[in-house]
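Presented below, as structure tokens, is a lone chain in the form predicted alone.
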């Protein structure tokens, strides 16, 4: 077997072997953790919000002057929007899902502030919200127009009913599932009854710990600014965005229309940093793998050039090209094996540190062994070229000076 000669050859170039092994270990640590982060961010970015996002947009109407009547203007706008060909429905709302800004509250099962609170995003809207958002009501019922309350922004936010997401219902009443309809929880000292449960609705904060815990309440605020969430027929969104802005702007001169944006644009903007992070980490992975591969190639070429006579002698004594090729491939396997073993320790330690510092999810067990296999394969591919050239060395050329 060639193990003995390989180990003796490696000990004669300790520095080069140690440097390449450490480089492999460092590359593996960064690569595996970066791939895990990219996968987690990709899953978060692909997570459905529960809305018909491709066919939705929103805008804000801000009034000014003594002649502006917020309540009348909002009702006129909604009537106009809901009767516009191509628009399925529209609703006033305080916040946009996945937008990064909105309202949240702390819920309890009893009117006792000392009890643990359950956080939830709150969408203040009306009885058209479920249809506008295209939410899937899986239990209970929607609000009616008689349930909708109208309040000034300075007044207390008391409401008696709520439609909650399935995740929030299960968090509030574990094990009850859809049977939570009709149950009561407390928003401060205000009792709230669950009127219905929707399959999914995300909070405005895509990276929050309670991203799937959201509720819709029939409460509409009367103020100088109204936000309208609008759903259109498929393929009509872009046209209606322009037309709606122009129509509303000309319908009332005592207000301005701003923040016109589609839900797709909102999602892209909210996840811009995550997307940039994934791109940067991908570039880092490719760069490190390339540098490590070049280091492996360099070490192999150096070792082969230094042992050309030894290779020629072995060929003259009957060694085949396959045996020479196997020798250098096995040599690289030993170096890579040491590197990935050390890298596995670094990878797990670094993952634990990231989880504790940033409260991120724990990396799945299979990432580390998979990274080890990939880097060993990369090492074998990198050394294949120099090893093949070494196997083609002719005995007469290599031993000409002997």
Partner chain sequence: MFFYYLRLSALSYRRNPILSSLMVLAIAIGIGAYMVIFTLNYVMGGNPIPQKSAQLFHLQIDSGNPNTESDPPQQLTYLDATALIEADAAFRETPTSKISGILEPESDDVRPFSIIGRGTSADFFPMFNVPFLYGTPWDTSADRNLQQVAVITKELNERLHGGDDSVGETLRLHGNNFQIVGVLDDWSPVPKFYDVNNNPFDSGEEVFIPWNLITPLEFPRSGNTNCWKAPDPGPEGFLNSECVWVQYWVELRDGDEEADYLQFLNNYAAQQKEFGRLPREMNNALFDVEEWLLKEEVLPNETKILSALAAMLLAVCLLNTIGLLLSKFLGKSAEIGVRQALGAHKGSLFLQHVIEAGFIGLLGGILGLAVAAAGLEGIKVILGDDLMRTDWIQLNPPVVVITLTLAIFATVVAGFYPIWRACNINPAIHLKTQ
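Quick caveat: nothing in here was measured; it's all calculated off a predicted structure. Residue numbers count along the first chain shown, from 1.
Beyond the structure shown, there is the form predicted in complex with its partner chain, which is absent from this document and is the topic of what follows.
K.L.:
Tell me which stretch of 24-32, 366-374, 46-54, 337-345 has a heavy atom within 4.5 angstroms of its partner chain in the predicted complex.
P.N.:
In the other structure, the partner sits against 24-32.
K.L.:
In the predicted complex, which of the listed residues (161, 255, 200, 237) lies with a heavy atom within 4.5 Å of its partner chain?
P.N.:
Contact check passes for 255.
K.L.:
Which of 294, 329, 109, 222 has a heavy atom within 4.5 Å of its partner chain in the predicted complex?
P.N.:
It is 294.
K.L.:
Indicate whether the candidate residues 64, 113 and 299 are all in contact with its partner chain in the predicted complex, with contact defined as any heavy atom within 4.5 Å.
P.N.:
All three within 4.5 Å in the predicted complex.
K.L.:
Please tell me whether any heavy atom belonging to residue 59 falls inside 4.5 Å of a heavy atom of its partner chain, as the geometry stands in the predicted complex.
P.N.:
No.
K.L.:
Answer yes if any heavy atom of residue 333 is within 4.5 Å of a heavy atom of its partner chain in the predicted complex; otherwise answer no.
P.N.:
Residue 333: no contact with its partner chain in the predicted complex.
K.L.:
With the cut-off set at 4.5 Å between non-hydrogen atoms, does residue 269 touch its partner chain in the predicted complex?
P.N.:
Contact with its partner chain, yes.
K.L.:
Quick one: is residue 317 in contact with its partner chain in the predicted complex, heavy atoms, 4.5 Å cut-off?
P.N.:
Close contact is absent here: in the predicted complex, residue 317 is far from its partner chain, nothing within 4.5 Å, heavy atoms only.
K.L.:
Just give me the residues of 258-282, first to last, that have a heavy atom within 4.5 Å of its partner chain in the predicted complex.
P.N.:
Going through 258-282 in order - heavy atoms within 4.5 Å of its partner chain in the predicted complex - the hits are 258, 269, 272, 273, 276, 277, 279, 280, 281.
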